[in-house]
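Only one chain comes next, encoded as structure tokens, the form predicted on its own.
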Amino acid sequence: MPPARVGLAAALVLVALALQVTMLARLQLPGATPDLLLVTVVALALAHGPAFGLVTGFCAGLASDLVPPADHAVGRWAFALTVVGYLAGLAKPEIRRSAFVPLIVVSLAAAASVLLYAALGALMGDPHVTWLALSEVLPTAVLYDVVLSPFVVPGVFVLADRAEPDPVLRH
């Protein structure tokens, strides 16, 4: 992987994680919290493909698992964001077709990440994972992430193109 791509991804993930923990987690919104880290991973996966999305998702998820105030088993977010990053990266060829493709991918990724995180929690016996909690968190998580994505995804695409222009997207 080119150093410019890795450096940009690391910087974006660190900024997203810092904003997630210091600002977004403190918002008193009903249901879930907007997940800037997830939207950033999805945007990087859409910009660079599934392999890059997989690695970025794992690193971002592991960082999220380790940064306080994490109150869950290490690896839950890492697994969820790894799967989501890979699957989002598979949609890279489709982003040229419509401006709505990133919104659809973000909505599917938000739903998948919540469901994967909850499923892992249920397997590990997490008492906070209930159908009621999932039914309250899932719709708002998807909604907040879709609302956040028009502000994040285009900016990540611009930065990714400046750091390393994609010859396929140029034509």
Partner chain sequence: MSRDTRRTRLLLALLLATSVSLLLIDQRGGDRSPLAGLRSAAAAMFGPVEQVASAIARPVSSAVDSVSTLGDGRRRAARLAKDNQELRRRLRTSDEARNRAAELDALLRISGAGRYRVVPAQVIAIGPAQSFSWTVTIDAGRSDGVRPDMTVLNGDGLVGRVKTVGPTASTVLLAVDPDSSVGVRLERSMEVGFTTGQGAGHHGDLDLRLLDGQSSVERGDRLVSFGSQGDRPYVPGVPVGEVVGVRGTPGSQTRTAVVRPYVDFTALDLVGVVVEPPRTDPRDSVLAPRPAATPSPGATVTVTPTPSGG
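Positions refer to the first chain, counted from 1. These figures come from a predicted structure and were not determined experimentally.
Keep in mind that the form predicted in complex with its partner chain is not shown, yet the notes after this line are about it.
Taking the partner from the other structure, its partner chain in the predicted complex has a heavy atom within 4.5 Å of a heavy atom of V83. Contact check for A163: every heavy atom lies farther than 4.5 Å from its partner chain in the predicted complex.
Although the partner is absent here, A78 is a contact residue: one of its heavy atoms lies within 4.5 angstroms of its partner chain in the predicted complex. Of the heavy atoms in V105, none are within 4.5 Å of its partner chain in the predicted complex. Taking its partner chain as it sits in the predicted complex, the stretch 49-84 comes within 4.5 angstroms of it through a non-hydrogen atom at P50, A51, L54, V55, F58, L62, D65, L66, V67, P68, P69, A70, D71, H72, A73, V74, G75, R76, W77, A78, F79, T82, V83.
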